[in-house]
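Here's a solo chain for you in structure tokens, the form predicted on its own.
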Amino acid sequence: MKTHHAKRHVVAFWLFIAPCLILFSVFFLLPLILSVGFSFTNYDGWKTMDFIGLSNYGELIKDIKFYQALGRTFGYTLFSLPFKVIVPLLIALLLCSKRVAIKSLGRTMVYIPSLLSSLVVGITINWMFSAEYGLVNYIIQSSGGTPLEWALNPRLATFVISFASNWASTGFYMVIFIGGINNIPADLYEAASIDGSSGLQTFFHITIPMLAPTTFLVTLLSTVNLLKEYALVQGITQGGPGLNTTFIIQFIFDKGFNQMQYGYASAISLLVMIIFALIAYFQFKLSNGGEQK
């Protein structure tokens, strides 16, 4: 009887996970296996697919444009990451404060950009930072300043992409931080208040340490999303000016779909996947997996 009951549980278990397992296999495992196979060929996406061994990897090691795209990606990530973590944290603290009214409305307004598609975000940001009719340049000109060529200056273009990315994701990370803040026991704050702790002391000695797991999660998610930024870049700059905002995902896309070098693009993808996995691993090690010490 117990054996039959156990079998029913096993069948129910597999039935429940089957949809996720099928989707994971079709959209991750199968493409990964195909990508590994293509990386050892000169596949052009149509007729040619000859086995060429490690030739793609040998070419990749000598490809200066690959290193440049990877460097731009790391630079963009390092520049944007502090804002991805600090801004949502501060907004979450503000909207969890007892001194702030209409918290629900505030949280909703901050979260709305997270619901927008990358295309809508790109259109909105292009309108704001347009050199001719943009809102930002209009404000600068009205204040007596000189309008900026946002799309033609590499640093300004990178800033615009970073601004758009932070604007679109702040609400999502804010919600994660709010959950972490609400899970901090109120007794800790009461004890700190009785001991005469100031607001800053309470923030740095109670809030920040207790939010370590949440901060680690936000940092990890932000890092991964920044490293693989694609749709937003295409919607705003399309990799320009020149190649100055062409990050590694745009580089892979161009090699695979524009230059029809599917085998070479697959080799790049596998190497980049390993690099990103190592970055995530070191984040786990450095932060102790987000656990409080």
Partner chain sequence: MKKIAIFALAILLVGNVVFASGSQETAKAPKALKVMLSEEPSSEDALLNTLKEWASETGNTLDVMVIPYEDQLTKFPLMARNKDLPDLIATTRLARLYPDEFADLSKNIDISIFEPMAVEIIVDSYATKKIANILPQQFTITNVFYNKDAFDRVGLSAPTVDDPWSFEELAANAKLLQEKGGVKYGMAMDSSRARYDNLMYANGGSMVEKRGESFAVTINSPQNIATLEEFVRWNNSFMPKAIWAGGTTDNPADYFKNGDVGIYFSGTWNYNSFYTQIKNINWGVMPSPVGSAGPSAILGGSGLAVPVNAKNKDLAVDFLKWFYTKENFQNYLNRDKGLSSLVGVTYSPADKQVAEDYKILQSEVAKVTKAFSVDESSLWRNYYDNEYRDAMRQAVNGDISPAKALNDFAALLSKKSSWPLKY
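Residue numbers count along the first chain shown, from 1. Remember, predicted model here, so these are calculated numbers, not experimental data.
Unshown form predicted in complex with the partner chain; subsequent notes refer to it.
Listed residues 234, 225, 41, 35 were compared with the partner chain in the model of the complex; 234 is the one with a heavy atom within 4.5 Å. A heavy atom within 4.5 Å of the partner chain in the model of the complex is found for exactly one of 135, 94, 208, 152: 152. When the partner chain is considered in the model of the complex, residue 59 lines it closely, a heavy atom lying within 4.5 Å. Remark: residue 257 counts among the residues lining the partner chain in the model of the complex, judged by a heavy atom distance of 4.5 Å or less. In the model of the complex, the partner chain sits beyond 4.5 Å of every heavy atom of residue 215. Under a 4.5 angstroms non-hydrogen atom cutoff, the partner chain in the model of the complex lacks residue 31 among its neighbouring residues.
In plain terms, the part of the chain that comes close to the partner chain in the model of the complex, with a heavy atom within 4.5 Å, is 122-130 out of 108-116, 182-190, 122-130, 76-84. Residues are counted as partner-facing when one of their heavy atoms sits within 4.5 Å of the partner chain in the model of the complex; in 232-246 these are 234, 235, 236, 237, 238, 239, 240, 241, 242, 243, 244, in sequence order.
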